[in-house]
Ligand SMILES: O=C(O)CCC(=O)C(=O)O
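Read the single chain below, which is given as structure tokens and is the form predicted on its own.
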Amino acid sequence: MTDLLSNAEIERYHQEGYVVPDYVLPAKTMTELDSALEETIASNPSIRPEHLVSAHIDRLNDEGVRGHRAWLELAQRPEILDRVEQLIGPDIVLWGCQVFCKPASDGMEVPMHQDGHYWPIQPLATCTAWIAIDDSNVDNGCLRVIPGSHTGQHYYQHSKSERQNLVLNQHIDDPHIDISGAVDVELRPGRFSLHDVYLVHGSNPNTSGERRAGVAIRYMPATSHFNRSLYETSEGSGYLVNFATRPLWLLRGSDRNNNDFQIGH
């Protein structure tokens, strides 16, 4: 196993809902990912680069995106998996991966939200690894989080927005959460954050002259069940989502809750 999260980092994750490990992916890997990003964007000329869902599926997937194998290989890297294992246990399922590339000057906003409101996972449990491909900072719309908002696994009320410049049309609309307490998670290329599924998070639009690209990889413990019939295939989140035929990968350990690893492959 690679260098692991320290006890202090694990405690921070459980207390605040996120952590940035003291690790940087190798420069060679980042060069390969930058090339994969360019190829993924070029393969999907009609799709906003913030909407490259299931980009780890190396074909035209059932959500309308032509993916790239580099993202699947990234999701299997031990530097990431070893740390995820410390947080969700030894039985790990890869169920999602989305490239979020905000172009310079017109990168879209991600409103403050909780992911689990539209994910078919029972019981709801996911650790997301957000890997920076470019510098991700305040100026170009880095990830923002509300520390501790995952506490108690509370569902906050969400509403839908009709605005056209949003990556996701669902946003927090609940008097019980103060989104003014958001913290910016600035990352250099090759750094990554890990965050809990209940954490309230989002990001501002990119109005700078620099691109901001990253990839979010979704891992759930195999003690949870991916319920393909829970939500219908739709564009209800602002882009096409098809959980019915999305493939799953058991990356480590054993399946503990009757998940289907044949569909979609």
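Numbering starts at 1 and follows the sequence shown. From a predicted model like this one, the values you see are computed outputs, not experimental measurements.
Although not depicted, the form predicted in complex with the ligand is the subject of the following passage.
Taken together, the three residues T128, H201 and A216 all come within 4.5 Å of the ligand in the model of the complex, as judged by their closest heavy atom. None of 227 to 235, 55 to 63, 208 to 216, 39 to 47 except one has non-hydrogen atoms within 4.5 angstroms of the ligand in the model of the complex; the exception is 208 to 216. Of the listed positions (F192, W71, F100, W95), a single one reaches within 4.5 angstroms of the ligand by any non-hydrogen atom in the model of the complex, namely F100. Out of the listed residues V110, V145, L81, I133, V110 is the one that sits within 4.5 Å of the ligand in the model of the complex by at least one heavy atom. Although the partner is absent here, D115 lies within 4.5 Å of the ligand in the model of the complex, judged by heavy atoms.
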